[in-house]
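Same chain, two versions here, written out as C-alpha cells and called structure 1 and structure 2.
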Structure 1
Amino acid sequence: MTRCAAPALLLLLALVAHDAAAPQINGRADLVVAILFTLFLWAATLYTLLVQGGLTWTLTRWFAVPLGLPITAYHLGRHAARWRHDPHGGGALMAVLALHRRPEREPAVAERLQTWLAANPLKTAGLVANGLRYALHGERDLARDLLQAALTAEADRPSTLAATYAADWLCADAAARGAWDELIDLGARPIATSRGAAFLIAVARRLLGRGAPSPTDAGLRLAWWLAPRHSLTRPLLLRALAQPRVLHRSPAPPPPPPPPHEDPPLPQDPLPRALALHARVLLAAPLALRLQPARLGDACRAWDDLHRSGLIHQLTAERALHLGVSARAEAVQDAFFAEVAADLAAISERAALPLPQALAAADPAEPTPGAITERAIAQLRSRLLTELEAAIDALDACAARPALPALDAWREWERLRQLHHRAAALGGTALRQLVFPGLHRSACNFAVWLWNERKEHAIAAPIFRWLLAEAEHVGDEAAITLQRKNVGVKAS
C-alpha cells in the first residue's frame, strides 16, 4: 500500500505546486524553478505508470526479452511489481530469458549475469534463472536438477511465474529426449503451465496412453492450435494423432519381449561360457536400458557355479606349473575372481540393477547369491557407503565456509541427494537405514545453517521436506518429530 501511496501523493503535490507557480513566472530564477517542477512532474508520472501500472513488466516481457536485450531486461525486470519479493532473481531470470534469444554466447553478458545471480539469498526466481543459465551453457543435467529443485522449493506456492518457466524448460527437455513419461509426471503437478507445455503434455498423454484421460483428436488439435510455432509442432501433432487413443490404462505394461536374439550360441565349457555371459552383460550394460535383469543374473550364477566347481583352481595349478609360478597359482585365482566381482559390481551400479534382483529374475527358485556374487554385492555396498560418507563430509565442510555461494551450497546438497538416490536404488532399505543417522545429522545441521544463518529458505525448505520423507521411510521416530517441526515452522 505505501509503495502505491507515496508516488500518488508526490504526483498530487507536484500538480498543486505547478498550478500554484504558473501565474507568477517572472524572471530567470522562476523559470528554472518552473522547469524543475515540470521535469519532476513528468518523472513522477512516468514512475507511476511504469512501476505501479505494470508497464515495466509489459516492456520487459514484450520488448526487452523478445529483442534479446539482457541488460535492459534485468534493470526493467527487477522493478516489475511481479518480482517485488525477489527483484534480483526476477531481473536475472528476465535477463537469462533475453540471453536465450541471442544467437550466440556472449561471455561479457554472461559474466554480469553471474554477478546479478550472486545476490543472496537465492529464491525461486534466482534458482530458475541459474537453471536456465546452465541450460544456456549446454549443461543440461545440471539445469534439469536445478529446475526440478526450484519446483520442489515451490511446493507450497506452485503458481508463480518462475515455476512456470522452470516447468516449461523441463517439458521441452523431456520432449527433446523422448522421455514422455517425465512429461506426464510434470503434467500431474499443480503448476500453471504455458500453452506450449500444455501441448507437449497432451502429446505425452496420447503417446503413452496414461496419466489423466488420453486426449481426443479434437483436444490434441486444440492444444496444438493454442500453442505457438505451429509449423514447428505440426509433425509432432501428426505423430501423436497417429497413435490410437487409449481410454483405459492397460492393467500392467507387458514385460518387454525378449529381443529376437542374434546372440551367438554359448560355449559348452564352463569358463568360456561364463566369460561369454559376462561379455553379453557388458555389451548391454553401457546402455542400461538394454540390460535385462535375467541376463545379469545368468552371468552371476555362471560365475558362482564356476567358483564352486573348483575348475579354475585346477586350471591355474596346471598352467602355473608350466609357467614356473606354482607358488602364485592361488593368488592368481583369487585375483581373477576379484576382477570378475569388480566387473559385476560396476555393471550393477551402472545399470542401477541390484544383483539379488538380477539373480531372482534369472531363477526365481534359487535367488541366494553364491560366493562371487556375494563378493560383488559387498564390494558395491562398501563403495556406495564410502561415496556417501565423503559426500556427507563435504556437506559438513560447507558450514565452515561462510563465503560459499548459495548455489554451490545447493549443489553440494543435490549431489548428496542424488548419490543417496542411486545408492538407495541399489542397496534398498537396509542401506538407507544404515546411512540415515549420519546423513540426517549432517543434512539437518546443513539445512538449519542455511535457514538461520544464510536465510536461504528456498534451498533449506526442500531439504527439511526430504529429510522428513526419508525419516518416515526408515522409521526414525525422533527424526520424524524433528523434521515435522522443521517443515511446519519453515513453511509458515
Structure 2
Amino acid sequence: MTRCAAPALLLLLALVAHDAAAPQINGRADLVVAILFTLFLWAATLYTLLVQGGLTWTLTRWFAVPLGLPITAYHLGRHAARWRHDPHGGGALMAVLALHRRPEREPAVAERLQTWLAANPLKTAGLVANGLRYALHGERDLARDLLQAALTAEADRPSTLAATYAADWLCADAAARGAWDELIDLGARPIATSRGAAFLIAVARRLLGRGAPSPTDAGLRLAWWLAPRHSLTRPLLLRALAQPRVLHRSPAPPPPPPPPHEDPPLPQDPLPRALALHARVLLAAPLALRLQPARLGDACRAWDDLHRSGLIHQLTAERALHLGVSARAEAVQDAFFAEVAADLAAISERAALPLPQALAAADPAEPTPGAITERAIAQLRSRLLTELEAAIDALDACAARPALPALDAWREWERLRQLHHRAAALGGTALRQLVFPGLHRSACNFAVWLWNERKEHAIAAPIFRWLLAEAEHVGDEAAITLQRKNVGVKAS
C-alpha cells in the first residue's frame, strides 16, 4: 500500500508545486528555482515509480530477460528493490538469465558479466549467477556444485528468489538425468520453487512412490497444466500417470540375489589361482566390483594366503640360486608383492570400494586383512593423505593472494572437500580422524579469512557448518565448541 501511495503523493506534490509557482514567477531567478524544484519532484516521482513501485523489476523480468538483453537486464536488475541486499549479484543473475534466451553467445558480453561478478563479494545471487553462467558454457558439473552451494548458503535464512532460481535449475537437471531421488530431496527443502519445478517433483514422487500418498492423477494433471512448456513435459506426465499410485509405503522387500556369473573354473594351485583372480578384478568394471565386492575380496584373500604359505619365497629362492643371484631373492620377492599391493590399491580406488569391505563380503567370518592386503591399504591411505595434504597446502596459499577471485577460492575449497569425501569413503573413520586436525586448522582459517577479510559470507558460512558436522563425526570436542560458536555467530 505504501509503495503505491508514495508515487501518487509525490506526483501530486509536483503538480501542486508547479501550479503554485506559476503566478509568483516575477524574475529569472524565481523561474530557475521553480523549474529546478519541479524537476526534482518529477525525478523523485520517477525514481519511486521505478524502484520503490517495482517498475524496475517488472521491466527486468518481463522485458529485458525475455528479449535477451543482458546489459539492460543487469542495469535494471541491480536497481530493483528485490535485490537491495545484493544489487550486483541480482543484476548479474538477471543478465545471465537474459543470456540464456540468446541464440548466440557473445564473448564480449560474457567477459563483462564475469567482471561484474568478480568486482563484488559473492552472495547467494552471485553464486547462482556464476552457476548458471557455467551451465551456459556446458560445464554442468561445476554449475551443479555452485548451485548446491548457493542452497547451502541459504540453509539458515528464509528462502530468496536466487535460491528459487537455483532450485529450479537443479530440478530440471535432475529430471534430465533421471535422478528422481535428487528431485524428491530438493522438494523436501524449504525453498519456493516455480510451477515447472513443482510438476517435476510431483512426477518424481509418483514414479518412486516416496512421500506416500503419492500425487493423484488429478493432482498431476493440474500441476502439468500450471507448468510451462506443455509439449515438452507431456511425455513425463504420461509416464507418471502410467505408474500406479502408492497410498501407503510398505516395507521394501529384500533385494534379489545377484544373478550367477559364469566364470571359468579357477585353478587349484595357489599361484595360478591368485593370478587368475587378480586378472579378473583388473578387467572388471568399477560398477561390477561395487555390485559384487566379494570378487575383490577373493583376490585379496588369495594373495594373503599365497604370501602366508611361503610358496613365492621358495620359488624366488630357487630361481635366484639357479641364476647365481641368491642375495637378491628377498628384494625380488618384496618388489613382486609391492606391485601386487599397488594393483589392489589402485583397483580399490578406481572402484571406490574399501578393501576391508571387500574382504568382509568375501568371508564374513574372517574379515581380518592379511599382510598383502594390509600393505595395499597402507599404500592407498598414503596416496590419499598425500592428495589431501597438497589440497590443504593449496587452501593455505589462498590467504596469501588477496586479489584471488572469490570463485577461484571457492574452487580450491570445493576440490579439497571432494577429495576428503573420496578419502573418507575409502579410508573410513580412522583416516578422517587422522586428517582432521590439519584439515580443521586450514579450513577454519580459510573460512575466517573469507568472512573477515573478503566479506564472502555466502562462501564462508557453509564451510563453518561442514567443519561442525565433521568435528561431531570424529568426536573433536574443542573443534565442536569452536565451530558451534562460529556457526552461531555467522548465522546471526
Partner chain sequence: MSTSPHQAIQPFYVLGLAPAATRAELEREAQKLLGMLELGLSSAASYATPLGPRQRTPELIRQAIAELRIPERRLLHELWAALPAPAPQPQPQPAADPSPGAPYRDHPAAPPPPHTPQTAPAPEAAPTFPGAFELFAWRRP
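Residues are numbered by position in structure 1's sequence, first residue being 1. Rigid core here is just the name for the largest C-alpha set that superposes within 1.5 Å across the two forms. What you are looking at is a predicted structure, and each value in this text was computed from that prediction instead of being measured.
*Asks:* Report the structure number, 1 or 2, for the form predicted together with its partner chain.
*Replies:* Of the two, structure 1 is the form predicted together with its partner chain.
*Asks:* Would you tell me if W303 moves between structures 1 and 2 by 2 Å or more at its C-alpha, with the rigid core held superposed?
*Replies:* Passes the 2 Å threshold, so yes.
*Asks:* Align on the rigid core first; then say whether the Cα of A403 has moved by at least 2 Å between structures 1 and 2.
*Replies:* For A403, whose C-alpha is compared between structures 1 and 2 after core superposition, the shift is less than 2 Å.
*Asks:* C-alpha of E318: shift of 2 angstroms or more between structures 1 and 2, rigid core aligned?
*Replies:* Yes, because once the rigid core is superposed, the C-alpha of E318 moves 2 Å or more between structures 1 and 2.
*Asks:* P270: how large is its C-alpha shift between structures 1 and 2, with the rigid core as the superposition reference, in Å?
*Replies:* Its C-alpha moves by 6.6 Å once the cores are overlaid.
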